[in-house]
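So this first bit is one chain, no partners, the form predicted on its own, shown in C-alpha cells.
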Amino acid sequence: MKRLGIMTTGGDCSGLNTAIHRIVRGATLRGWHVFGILDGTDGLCANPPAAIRLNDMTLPIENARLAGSFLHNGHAGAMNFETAAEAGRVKQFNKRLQDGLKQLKLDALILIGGNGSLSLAWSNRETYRDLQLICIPKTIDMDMPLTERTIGFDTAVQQLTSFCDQLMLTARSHHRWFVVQAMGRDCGQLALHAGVAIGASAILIPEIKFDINNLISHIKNAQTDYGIIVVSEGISLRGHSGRPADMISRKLTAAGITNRTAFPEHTQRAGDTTAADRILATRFADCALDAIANNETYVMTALIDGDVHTVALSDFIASGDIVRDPKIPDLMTSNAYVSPDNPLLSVAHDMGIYIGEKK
C-alpha cells in the first residue's frame, strides 16, 4: 500500500483545493494512504513534520471549489528556500526536508506549484531521491513552459474580467478611463486574456513594446470617452518609476485624459474555481496518480494539444526561457511568455485594441 504526500507551495490560486480533493479521492480508490503536508516546506521542516491524514471528509467536495489551499502555503518569514539562501543554509535546509520526508515514510510526493517551485524541485532533486516526485503546474500567471494551461489561470481571468466589467459601468457614467493593473509578473497572459474578454481599449504587456504617445493618441481618437486600459504589472516606462498603472495614469492626465487607476490585487487569486479549472485540476490529479502507479518520477503533468500527459522535469527546465531568480542566488527558473505569434494579439489588433508596437 503506497503512502502519498501532497504539498502546495508558492502563491495560492483557485483550483488548488479541487486538485487536492481529486488526488485524495483517486488515491483512496486505489487503496493508498494520503497525507497533506501543511504550510509547504515550512511544515515539512518541522519536527515532527506538520502533516495530516486526508480522506474524502477532510476536505468535503462542497469546499473543493473554494480558492486558496486547504493545506496552506507557508508562513511569512518561515524557513523556505528563499530565507535559507539568504542565511547561507540551503544545504541544511535540504537536509531538513529529506528528514521530514523520511519521517513521513512517503513513497511518492505530489508537489503542486508554479515555475519557481518546480525549478527549485529540479535544482534540488537529490532531496527527493528516495521517493517518486510528481509535479502539478498551478499559477495565475500562466508563465510555465510545456503546458497550455495551468491550474488557477482560467479563474483569475474570470475574476479580472468581472472586476473590469463593474468598472466599465462607472467609467461610462463619469466619462472617464480606468487604468487597471493586472498581476502576472513578467508574463502578460492574464492581462491579454482578460483585456480581450472585456473589450479593453488598450492592453499593455511586458512582451510587446509600446509608445506612450501612440497610446495617448489611440485613446483620444477612440469612438467613446470612457473605457478600460489593462496594464500588466511587469511593464516599464522609460524614465519613470512606481506602479505601472500609476505611471500610465500620470501620462494620460498630463495629456488631458480624465482617468482613474484600479488595482484588483489578490482578488485575481481568489474566487470560486471555474468549471474549466476544476476539470483541469481533475485531469492533472488523475494523470499524477497514473504516473505514480507507473513508477514515474521527476515529471510534471501538462496539457498538450488538448491531452494531458507527463513530461520530464528536465524537459520543463530545458524548454523555457531561463531567468535568474532575483531572490535566490544560483537559482535559474524556467519561464514562458506571450509569444509574438499568439493569436490573441492579432485578434486584439483586429478589434481596435492598442497592444503596443506589434509588427
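From 1 onward, residues are counted along the sequence shown. Given the structure is predicted, the values throughout are model-derived calculations rather than measurements.
Keep in mind that the form predicted together with a small molecule is missing from the display, and what follows is about it.
Q: With the partner left out here, check for me: in the model of the complex, does some heavy atom of Glu233 sit within 4.5 Å of the small molecule?
A: Looking in the model of the complex, residue contacts with the small molecule include Glu233, since a heavy atom lies within 4.5 Å.
Q: Whether Lys251 contacts the small molecule in the model of the complex should be assessed with a 4.5 Å heavy atom distance threshold; does it?
A: Answer no; every heavy atom of Lys251 is more than 4.5 Å from the small molecule in the model of the complex.
Q: Please determine whether Lys220 contacts the small molecule in the model of the complex, using a 4.5 Å cut-off between heavy atoms.
A: Because no heavy atom of Lys220 falls inside 4.5 Å of the small molecule in the model of the complex, the answer is no.
Q: Give a yes or no for Ile205: in the model of the complex, does one of its heavy atoms lie within 4.5 Å of a heavy atom belonging to the small molecule?
A: It does not: once the small molecule is placed as it appears in the model of the complex, Ile205 has no heavy atom within 4.5 Å of it.
Q: Counting any heavy atom within 4.5 Å as contact, can you tell me which stretch out of 82-90, 137-145, 253-261, 124-132 lines the small molecule in the model of the complex?
A: Comparing against the small molecule in the model of the complex, the contact stretch is 137-145.
Q: From the list His240, His174, His266, Lys95, which entry has a heavy atom within 4.5 Å of the small molecule in the model of the complex?
A: Of the candidates His240, His174, His266, Lys95, His266 is the one lying within 4.5 Å of the small molecule in the model of the complex.
Q: By the heavy atom within 4.5 Å rule, which residue out of Met183, Val157, Ala281, Cys164 makes contact with the small molecule in the model of the complex?
A: Checking each option against the small molecule in the model of the complex, the one that comes within 4.5 Å is Met183.
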